[in-house]
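Two forms, one chain: they're shown below as structure tokens, one block per form, named structure 1 and structure 2.
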Structure 1
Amino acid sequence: MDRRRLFKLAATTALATTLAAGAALAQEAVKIGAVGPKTGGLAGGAAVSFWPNVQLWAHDVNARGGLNIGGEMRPVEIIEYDDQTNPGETIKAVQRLATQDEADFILAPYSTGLNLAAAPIFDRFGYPMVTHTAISDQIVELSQRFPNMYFTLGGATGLAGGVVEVLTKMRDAGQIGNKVAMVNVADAFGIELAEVARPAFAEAGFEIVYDTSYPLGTQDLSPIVKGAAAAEPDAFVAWSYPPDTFGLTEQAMIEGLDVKAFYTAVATSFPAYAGRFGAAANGVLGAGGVAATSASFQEYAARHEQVTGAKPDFWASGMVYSSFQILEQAIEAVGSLDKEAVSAYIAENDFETVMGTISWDENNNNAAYWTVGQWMDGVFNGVASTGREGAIEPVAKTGWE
């Protein structure tokens, strides 16, 4: 190669590099804010259901070239903040994202309380807020006040109603009698569920033979389970939180609380539940559920495990990812980063997600949601919902072996 040709080659390479760099510069990243607990009381739940999905969604979008915005493929850039499970910090972090980082869109925060603290700011800046973990029975009032706020995971009335429905079904099938032992964690959500369930059980002809509560953070749950066992119930229902969901199950195994229907609420759908109790978890009922056999969920679960190294849970995880998908589909359909247009698009359309089709009622609420699931051979499949497809028939629990 003579000197002249070498120079030419070098010049061409340099030009090509410059052009490539120029093209990359043109594809400016879309800034997406993510606020959630990395520390504090809800950090554990967020580490299972929220953060891995933020990672997965960014990975999925960028792997296929980015968001298609008016024909231009633009990658997403996630800006993460820890709100320390403190609503004051959530508010500051969302403000920071909106005004300092000038985020194009912001993912809804984690949990009911933190979503509601952030709602006025999402509203003021016009960000669409597709919540995934806000559970509320005040949706009508909230959606009037915050027109860009969407609800997907349901409310206490539906969740408690699902349990009554499943137990009624099992009773009608002759699997259980009508004696229910009910306990609840004495904290906001546990109290609310128990309050809704009490009249619903009575109306369905169940007899509540044991009804008590325990404080949040109770370590020794054996008196609760012993008390329930002494009442000789046909079904055991616990409106519980993550630590006590595990604690009650463990005690029930120790005490041999041999009921045909055993229900614990939050975190029963976590993969760690089956991981800890193995085959003994078979037949346990819990809050939430998914259409675990559907192709869309199975494909999502496999990708989740491959990209984040952890399994998704069988309730909120899929909904968290779905809420991101809704935002993604709306942005691409509108073809711009115009928040108002994207919000309007979300309100007027149905969305195909890993959880199936999500559509809104007049209160921006996804009225069809999973309420009860059941463990069977390492899978927590939905057995009751307010109108979703893919539910299987509940089965009676056969001991703790």
Structure 2
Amino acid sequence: MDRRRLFKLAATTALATTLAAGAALAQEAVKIGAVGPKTGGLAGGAAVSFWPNVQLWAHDVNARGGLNIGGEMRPVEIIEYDDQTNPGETIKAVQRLATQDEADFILAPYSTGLNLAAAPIFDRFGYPMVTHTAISDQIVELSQRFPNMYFTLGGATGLAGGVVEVLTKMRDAGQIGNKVAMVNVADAFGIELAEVARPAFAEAGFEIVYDTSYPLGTQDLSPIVKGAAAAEPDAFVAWSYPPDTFGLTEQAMIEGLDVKAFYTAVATSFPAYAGRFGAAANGVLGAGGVAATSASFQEYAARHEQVTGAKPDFWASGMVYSSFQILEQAIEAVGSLDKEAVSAYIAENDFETVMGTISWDENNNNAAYWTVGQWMDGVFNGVASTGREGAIEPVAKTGWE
């Protein structure tokens, strides 16, 4: 009899558990669109900074039971599209998510150019657009045209200004001279940064002895580096995207580019950069940085690696995840899927994220952020920012050994 009663109790408990699980699964999912490169020139960067954070955020939300929509816990369902690093495909994918998939919300795409291409479509369908990998000095104009568009990674002036600040400090310390070779990828990101950097370098007393651009997706970068080396610069600056960041570094090693300051932009902060170049990465300057020793970043980084199997980068990864946290917090605060109400809430509030508090000034992240980092013995340390504490003094590069 005891065994029968025990079996009946166990069966009843199992049935209740099954029914509870079924009820949870029966809750209608919140459909979230995600568009970014899985192929094409920016696929490598998106594979580090964007897609793993989409996976991590969905995992974290659903592990907590879903989004709290007016007291009802609803899971998130991610609908993914590969835009092939093609602005036209980004536009088509966002339109498809809005009209065919009827996505409740859409995460901002990856990269400056693809965000600018998609902004009119987000605006047309009323989706809030919290960008995470877009950098522009046109934030005021863009936010006036697209009121639901927000920038968390700052503007071109801040990023370029950080590089000028670091090189000036190194020159004043006698580590480098005043000759700069500057190159840029010929898309919205690289073009705007080069345009901002030219007068900033001139005002700081630097001479640009080599200045050229190259198309996105360029495979052979040896002519670029050979041209820079022939100009005999003291510093090399590249407003580059991930494939060319790696390619330019490889060519600099092959050509023996002898500069005491070597800077490349997107992907310099990737763990794979130090993994690929080893000791040769020491002294390399790059875009971004994080407060790597902060408890919030360390907890995020550990969870990122546990869930996705990969380490986050030391710049954009945390901001990508933070942009998703902003959307999540706004949805739950509003308590509905009303896009207009969620957008209004984002505009009027501050948000606590893994990258600290984010508030807005003309739709731009008003918080201080890192602009330049430098590899030192396997750690990408922040050496310049728009106001963060804890910057480390930059050091001169001593070669490619």
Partner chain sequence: MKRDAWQDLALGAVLLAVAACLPWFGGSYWLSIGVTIAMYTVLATSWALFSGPTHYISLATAAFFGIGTYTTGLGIDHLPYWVLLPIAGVLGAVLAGLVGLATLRLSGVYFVIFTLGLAELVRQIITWVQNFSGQKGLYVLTDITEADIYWQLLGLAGLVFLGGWAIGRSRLGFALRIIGDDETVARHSGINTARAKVILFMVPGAVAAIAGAILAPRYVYIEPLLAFTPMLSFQVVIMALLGGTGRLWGPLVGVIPFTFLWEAISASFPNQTTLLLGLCFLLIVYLLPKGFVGLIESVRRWARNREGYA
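What we label the rigid core is the largest C-alpha set whose atoms superpose within 1.5 Å from one form to the other. Numbers follow structure 1, counted from its first residue as 1. These numbers were taken from a predicted model, which means no experiment stands behind them.
In this pair, structure 2 matches the form predicted alone, whereas the other structure does not. Each of I224 and S336 is carried by its own rigid part as the chain changes shape between the two structures.
The chain behaves as two rigid parts between the two structures; the smaller one is rotated by 20° relative to the larger (C-alpha superposition). Here the two forms are laid over each other by their core, and the C-alpha of N366 is off by 3.7 Å between the two structures.
Core-aligned Cα shift between the two structures at D220: this is 8.2 Å.
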